[in-house]
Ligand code: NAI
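Quick heads-up: it's one chain on its own, the form predicted alone, in structure tokens.
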């Protein structure tokens, strides 16, 4: 494919990236080889004063390397040879006999930014689409085309480590502030600034300030590495090899020049590129990209533009949803039971915004403007103008249905009503509504400000327009919507609750719940099931569990201990300071009163604990696929990663099942079924897959 256009005018050469048949530019090995030839030709052209790199794609410079090239790498030596070839080609840019300038007006990520780093000058715009960074760590690899070495010479050691280890994406202004680019200009001034910038370079080359980094970078780099490694281990628990490999590489190349360091970078890249962790993370990336294109329905339907939203309920979830939509400048009206709730809700929202100010993601003025989008009432005044109302009240069917009746009286007939219910059937909730076609489930996860997933649940009579509007609105708010079937617990809670219940059963049988929490945390979950139960709230967990028990019967029977801690001991979890643990701020210690509920002591081996906790989820996930609750295994895995924190390095719940082998999963479930009962009886889908030698993913 043709990768770019080339022209020369008055000694200014312009190499404009414009990859055929696609809306984005990517730096595949084929594109690199085309670039290689053009760079050789340029050396022979007389009269070239400056080479300028630009893009013809709107909002894109170069989105990065071709991820399919990386996904296809299986052999370490072959990976090394390819990345060395890429390094050699890009390094030619920095040895050209004339200055080089890259003009960035859009995404410039990964390999694209590594190309930019090889240029003498970088000019970017303030366009919201301008994104600068090296996010390779998110794919389980590191920058392989010289990015690690060239970046630290621009920013210093500490800042380069921070940017690469976190895979940070920066806007134009932030990139300029950190010295990654030479200038950042308003989008409308780009043509003028580009011309004057080139004139300045040709007349008198811009003298760049040499950045040597902090005093620690200069005199105590070992201390920098010590704290960086400590932070990485706290965050990743050593489960993500790329982060540790980046630290090792920076230490190894600390006193080497760029050219000598490229060999080490290529070796480190080639080792990471063939790991299963990298393949799993790339798989999740592709699933996320596929979800971005999903509209929610098969046929073409345009969403309704939503600008005025009401949220009924001022609790944790309600205030979280208000924050989310005020952040994207929607007018949001809170309906509260009493005005005294307003202060609590606004303080909760303000606390989240203060975090954005502290991290320099928003200014104080911007926050004040967003807070001005929020109003509140104890009645329904103003609701006739509302285009979408989200209910976030107590998980009670009658209370919700009564509210919907009131909303339908005061809202426009075209307006949408959504429920944030975590478990109740959307079809049943809408039974008494006059317009069930404009009713839908939009299940946000707590904390709303951080959790990326929104389950979109259509009822039997929900219209396609309502579905596509809910999906579009969630995307506009920066969330990932996944359309799921209308069943008790929907997708995530239906799979997650059995995991929590089973963990509590093991405690009930005599195992120490701290040990269970530690093993599950070591497996890769962000927290153990007992810590999670406290975080969610034991009242919430019990009520959702009761809905599931009522629907699915013995398979999801609530454990006796959960019933006791909620009903007899009236424990609520972290929000009340007492649950399975005693919570004091960020600290927690075991609640001995809960431990005293179990008299017997029994120790299970690690494999049994992991199998009982995780395989019960695998089995329920298979049942969800059987019932078409979700479109495919990939979307199910993304939902579990984003909704529960299931370890991304394992590729998702069903990818993990593939890694064990479906036959092995079935054998383990059958054994557990004999010991524990019908809740472990393998799903028909799993039995069929084991019989036919199939996997959830094509490559196992």
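Residue numbers count along the first chain shown, from 1. Bear in mind that the values here come from a model prediction, so they are computed numbers and not experimental data.
The protein also exists as the form predicted together with the ligand; that form is not presented, and the subsequent description refers to it.
The closest heavy atom approach of residue 394 to the ligand in the model of the complex falls within 4.5 Å. In the model of the complex, none of the heavy atoms of residue 241 sits within 4.5 Å of a heavy atom of the ligand. Under a 4.5 angstroms non-hydrogen atom cutoff, the ligand in the model of the complex lacks residue 181 among its neighbouring residues. For the chain shown alone, residue 316 is a contact residue for the ligand in the model of the complex, at least one non-hydrogen atom being within 4.5 angstroms. The partner is absent here; in the model of the complex, the one residue of 370, 438, 152, 443 having a heavy atom within 4.5 Å of the ligand is 443. Contact with the ligand in the model of the complex, defined as a heavy atom within 4.5 Å, holds for exactly one of 235, 364, 337, 256, namely 337. Annotated contacts: 400, 420 and 540 all touch the ligand in the model of the complex [non-hydrogen atom within 4.5 angstroms]. For the ligand in the model of the complex, the listed stretch (76-84, 129-137, 329-337, 605-613) containing residues with heavy atoms inside 4.5 Å is 329-337.
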